[in-house]
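Here we start with a single chain on its own, the form predicted on its own, put down as structure tokens.
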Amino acid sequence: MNYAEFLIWVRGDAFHWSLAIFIFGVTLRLLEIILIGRKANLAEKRGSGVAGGIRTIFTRFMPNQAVLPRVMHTLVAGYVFHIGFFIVLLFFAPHVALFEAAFGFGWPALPNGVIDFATIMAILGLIAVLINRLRNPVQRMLTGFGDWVAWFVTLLPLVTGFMAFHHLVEPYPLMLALHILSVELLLIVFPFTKLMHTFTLFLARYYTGENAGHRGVEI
């Protein structure tokens, strides 16, 4: 298989299989959460569970002031990564064109210089998170194999995409194919690692806040 055939396979069969695994995995994980159900809250109602749930979704974007100094490094690195990653994902011109082809509508793309900056900041954010995890004995102990895999498959599309766009490795069709393949690897791994928090984050926050609000506790 030459480079052109490899690129065609990556854009075709490999993409369809990885997308199918992603959709199946995410659906399965969400069904697990829904089917497990929730125990009835038998505590005396002392407040609004709905208000507590909604409030907690937004208040958890920042940690408690008492612990903020101890997690500032992780907080800043995490926000830098997430903001940079989603800027690249949603506003890089080829990505916008892909979304437009898939959904029938698009939006204005950002200049390539902005995308380059966001890519570099996202990569640096991921590296900073890794360094902090390695230096912190508690976080290092709590980190399992799946966490390292999730970190690696998240970093890979950023690095390969940057290299492909700037033609840092030739031939270009091979580098582009490797970038697309790295995205497909991310899709396959996504539902079965902590990356799934993208879909469960707000659900978990709401549940925690609703439970506390029902008891009249503000968290």
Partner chain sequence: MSQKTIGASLRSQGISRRGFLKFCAATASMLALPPAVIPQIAHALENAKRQSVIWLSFQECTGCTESLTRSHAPTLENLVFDLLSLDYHHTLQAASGDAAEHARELAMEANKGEYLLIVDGSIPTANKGYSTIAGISNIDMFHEVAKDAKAIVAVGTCAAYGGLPKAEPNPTGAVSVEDLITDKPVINVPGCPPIPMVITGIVAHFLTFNTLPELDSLKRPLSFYGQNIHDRCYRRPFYERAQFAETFDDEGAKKGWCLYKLGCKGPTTYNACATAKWNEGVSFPIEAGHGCIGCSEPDFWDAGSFYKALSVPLSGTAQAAGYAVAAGAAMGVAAGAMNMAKRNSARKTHETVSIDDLEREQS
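Positions refer to the first chain, counted from 1. Bear in mind the structure is a predicted one, so any value in this text is a computation, not a measurement.
The following text describes the form predicted in complex with its partner chain, which does not appear among the structures shown.
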| property | result |
| --- | --- |
| Distance check, residue 111 to its partner chain in the predicted bound form, heavy atom within 4.5 Å | yes |
| Residue 96 within 4.5 Å of its partner chain in the predicted bound form, heavy atoms | yes |
| Its partner chain contact at residue 92 in the predicted bound form, heavy atom, 4.5 Å | yes |
| Close approach of residue 152 to its partner chain in the predicted bound form, 4.5 Å, heavy atom | no |
| Residues 120, 130 and 134 all lining its partner chain in the predicted bound form, heavy atom within 4.5 Å | no |
| Within 4.5 Å of its partner chain in the predicted bound form: residues from 144 to 180 (heavy atom criterion) | 165, 167, 170, 171, 172, 173, 176 |
